[in-house]
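Consider the single chain below, provided in structure tokens and representing the form predicted alone.
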Amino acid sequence: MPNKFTRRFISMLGLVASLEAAQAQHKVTLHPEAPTQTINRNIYGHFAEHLGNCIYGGFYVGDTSNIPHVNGVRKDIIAALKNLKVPNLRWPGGCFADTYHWKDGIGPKDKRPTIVNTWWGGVTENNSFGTHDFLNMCEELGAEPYLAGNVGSGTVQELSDWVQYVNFPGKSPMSDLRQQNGRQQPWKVRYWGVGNEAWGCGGNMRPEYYADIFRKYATFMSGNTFKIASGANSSDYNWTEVLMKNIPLHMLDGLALHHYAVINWDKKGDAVDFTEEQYFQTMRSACFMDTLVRRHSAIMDKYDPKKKVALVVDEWGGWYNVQAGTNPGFLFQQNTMRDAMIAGVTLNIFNNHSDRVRMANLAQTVNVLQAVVLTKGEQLILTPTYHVMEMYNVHQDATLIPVDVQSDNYTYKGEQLQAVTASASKDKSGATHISLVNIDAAKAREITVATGAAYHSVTGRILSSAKLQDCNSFTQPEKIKPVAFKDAVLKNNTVTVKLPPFSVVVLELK
């Protein structure tokens, strides 16, 4: 039988082991000795559809508005998106793209035909915001345009003409028409979507049929174009399999993927008045993005082991019930700390899979779904999602540093999600940035970050708030915004970080 000393010694060993295990559960390890690919800045792209007040009453107020503007586009939105370093912008849809005929939106505005936006609210679309307006706005923003072509109700000739209209520098029918409409030099649009959601609103096609349609359209899209196929709806892995098998790699540059963080499509819940259970289920859907990226990438690897084709997640974000009293077809919803969690977790996933994920588009930029900007007359507010994307823009075009994350779980009623996620990169100046997210609704986490290299300073910023349901409003526009982070201590190449519940932290190490 062990004596008292032996029992005490064994007990102490057990305590030490328990403490070490607890620490191991909250550890992020960087591997700077094994830098991998560049995090493509296009991962931080956005989406602007002719939907609700995203374009009209959002970006575009018209050239007679009293709101300060540049050719009808709000100056305050331009400034906000420049600060965000928006790398690309997708337009005109979405479902709207496969009903949009680009020639309706060129030439004198008073001569442009009107149509009915059958997808979003049944409102009249007067086409006052068209190709020139969008592409000139992208130039003003310093963002690459990403045009979604009409395959559902359009023709091969129509899309081919659009490519020639915006890209051809020489003499041709379409370049002549462009010059007649006031633009001498082409815009040189590189990114093109060949239809949108062909499995649904883009035509309810079978993947085999759409693969042939893509090949046909892509054949006639001349010039230096990056062609993106309409990809899978969330976990439809067969769609990816069929397209990768049936579209030759020399014709395909990107394959889209759409996934929204949603509780239940029939019971999406309120954007602000939600319970912890609804928050947990939303985050479970958001975290599922990692599984989706891994599984779709594995299928793509079978046919494209050199990873030529990019996985383009050109629609992602949170989706809830529309705000009461607003047009149900306009998809207006508020933006809370829950959305900040969705953004932080999703961007960490994209960064860590940036070998295959090389473009993504948050849905949507202004006044629709998980918007970064909300407007009301002359007022403009920046959402929690905006602030996360601004904090994370340090990762754009930086070199990914692989990370290992050991974290305990956020548990709710027996269900579990990993509490802490992270990604890291090194920029061209040599600074290392680490983005950390704690999704737990109640518990803080103390994280040990093993840097794997010598640094002499650590600074950071944090986005947090008192309640998950907190948001920025037109009466309290700066209730949530990043502030300096003081709970990071650097010692012996290790950073100790105290992460509050539902918070996002970005550290800079030099």
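We number the residues from 1 along the sequence you see. Note that the structure is predicted; figures quoted are calculated from it, not measured.
The form predicted in complex with ligand AHR is left out here; the points below concern that form.
Although the partner is absent from the chain shown here, Asn196, Leu331 and Ala363 each have a heavy atom within 4.5 Å of ligand AHR in the predicted complex. Stretch 313 to 321 is the answer when you ask which of 142 to 150, 377 to 385, 107 to 115, 313 to 321 has residues with heavy atoms within 4.5 Å of ligand AHR in the predicted complex. His258 is the sole member of Arg358, Arg74, His258, His433 with a non-hydrogen atom within 4.5 Å of ligand AHR in the predicted complex. Scanning Phe134, Tyr191, Tyr392, Trp120 against ligand AHR in the predicted complex with a 4.5 Å heavy atom cut-off leaves one residue, Trp120. A residue is said to contact a partner when one of its heavy atoms sits within 4.5 Å of a partner heavy atom; Gly344 fails this definition for ligand AHR in the predicted complex, lying far away. Proximity of Ala286 to ligand AHR in the predicted complex: non-hydrogen atoms within 4.5 Å are absent; the residue sits far from the partner. Although the partner is absent here, Leu51 sits close enough that one of its heavy atoms falls within 4.5 Å of ligand AHR in the predicted complex. Contact check for Phe47: a heavy atom falls within 4.5 Å of ligand AHR in the predicted complex. Applying a 4.5 Å heavy atom cutoff to ligand AHR in the predicted complex picks out Gly94, Cys95 from 76 to 100, in order along the sequence.
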